[in-house]
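Given as structure tokens, the chain that follows is alone and in the form predicted on its own.
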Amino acid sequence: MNYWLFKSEPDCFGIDDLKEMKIEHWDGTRNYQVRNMMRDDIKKGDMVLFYHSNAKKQTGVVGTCQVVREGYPDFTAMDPASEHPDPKHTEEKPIWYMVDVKFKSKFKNPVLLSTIKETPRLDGNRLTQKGNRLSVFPMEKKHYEAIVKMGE
């Protein structure tokens, strides 16, 4: 099992949306490095920290979900009415990929970015590394577990 952090703006798709839907596709990734992880590395059963980015109130980890379907072509790229269309993405030659995730938990206490930066046992995690602006990236198991414990 691998561990990941997925970022989403709560106004677009938040932890409460996933909780209500139970299972949903994670679409709209338009970065090649993230696309490669979605397509090749993220596997069914992997655990995910759900991170609210650009949040008005609290930017941080707000819960967990689990991958229930491995990477497959992102059908929203073929929809001109979607928020992230790409006319170069076709059924015959897909460019973008997505995974399906299942809601697992909403934290009682969101783990804010400021807290993550100030917590010594979380030193070295990818979220706080300079220049890391990816919306999806791997997390070490020890960092994943520490953040989950902090959120309970």
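Computed from a predicted structure; not experimentally measured. In this text, residue numbers run from 1 along the sequence as written.
Another form exists, predicted together with the DNA; not displayed. Remarks below refer to it.
The single contact residue among 105, 66, 59, 119, judged by any heavy atom lying within 4.5 Å of the DNA in the predicted complex, is 59.
Think of it this way: in the predicted complex, the DNA has a heavy atom of just one of 90, 54, 109, 36 within 4.5 Å, and the residue is 54. Contact with the DNA, judged by heavy atoms within 4.5 Å in the predicted complex, is confined among 40-48, 24-32, 66-74, 97-105 to 24-32.
The closest non-hydrogen atom of residue 142 lies beyond 4.5 Å of the DNA in the predicted complex.
Along 126-152, residues 130, 131, 133, 134, 135 each place a heavy atom within 4.5 Å of the DNA in the predicted complex.
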